[in-house]
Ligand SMILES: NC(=O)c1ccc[n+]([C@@H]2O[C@H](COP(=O)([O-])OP(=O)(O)OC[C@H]3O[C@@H](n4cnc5c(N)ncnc54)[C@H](OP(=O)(O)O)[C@@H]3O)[C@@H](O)[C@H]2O)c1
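Here you get one chain, nothing else, as structure tokens; it is the form predicted on its own.
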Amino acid sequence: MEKNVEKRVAIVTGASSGIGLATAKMLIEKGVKVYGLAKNEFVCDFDYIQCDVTNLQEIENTYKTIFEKEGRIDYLVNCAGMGISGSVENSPNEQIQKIFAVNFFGTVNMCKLIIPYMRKNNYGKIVNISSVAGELPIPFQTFYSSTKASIESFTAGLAMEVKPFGIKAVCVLPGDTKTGFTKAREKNELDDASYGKRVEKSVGQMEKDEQNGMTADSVAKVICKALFKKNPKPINVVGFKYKVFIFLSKILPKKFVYNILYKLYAK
């Protein structure tokens, strides 16, 4: 574990609820100075800045304000995200573009603009939130899975680019987590009769799994560990059973793995 973490300054996106809120609170308990970011106003007991991760000017203004006040930005945790569900065939393009704008490009925006500030101090840690669903794609949540897979690939490439600057970028992959994310998921109401009850059944199973899943604090602990560790792992899966699932998915034939996912979430 690194020393003097209490002198660090962290920015956490999506800090109004769920994993982002849990992470912000946990970092504060460790003595880290935290700035929580969210698109909408919310009540909290830590420093909060209203900022939309899809708005480059708002992000730049936020970074400039924090750096001028603190003289450093050490940690960035990208928790802002959203979910949609429905068949690929019937998902409106506007909805598809929205989830990529928030989940993928929102993360890209935050990372791109933070680099000059971290480079000034030759130090920084970036944690991007991917998902087990990025490794094991979930039917009828295909676009969510796609954004999370993209984040994993993006983070790996970014980490190699910024390594000479003393900056580390890693991914945390939660599995089913009990948060308000389930209720906030945007469901596509346009699926036609060709899919029968398959979409409803699939999303219902996912919602059940999430509400019986791990706590946001469990994910926050892994995020904090990645931030405080001198040399964090590039991929940090949360939960023993999910580590097993991903390990098996890499050694078993893909056809077999996808058939299991089909039976669980698409049949």
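One-based numbering along the sequence shown. Everything quoted here is computed from the prediction, not taken from an experiment.
Unshown form predicted in complex with the named molecule; subsequent notes refer to it.
Colleague: Residues in which of 130-138, 163-171, 68-76, 191-199 have heavy atoms within 4.5 Å of the named molecule in the model of the complex?
Modeller: Result for this chain: 130-138.
Colleague: To verify the annotation, which of these, Pro116, Pro92, Gly180, Gly157, has a non-hydrogen atom within 4.5 Å of the named molecule in the model of the complex?
Modeller: Answer to the contact question: Gly180.
Colleague: Does at least one non-hydrogen atom of Ile84 fall within 4.5 angstroms of the named molecule in the model of the complex?
Modeller: No, no contact at 4.5 Å.
Colleague: Wondering, does Asn236 line up within 4.5 Å of the named molecule in the model of the complex on heavy atoms?
Modeller: No, Asn236 is distant from the partner.
Colleague: Flag Tyr144 as yes or no: does it have a non-hydrogen atom within 4.5 angstroms of any non-hydrogen atom of the named molecule in the model of the complex?
Modeller: Contact with the named molecule, yes.
Colleague: I'd like to know whether Lys148 contacts the named molecule in the model of the complex, with contact meaning heavy atoms within 4.5 angstroms.
Modeller: Taking the distances in the model of the complex, the answer for Lys148 is yes, it comes within 4.5 Å of the named molecule.
Colleague: Using a 4.5 Å heavy atom cut-off, are Ile19, Ala38 and Asp176 all in contact with the named molecule in the model of the complex?
Modeller: Per the other structure, all of Ile19, Ala38 and Asp176 touch the named molecule.
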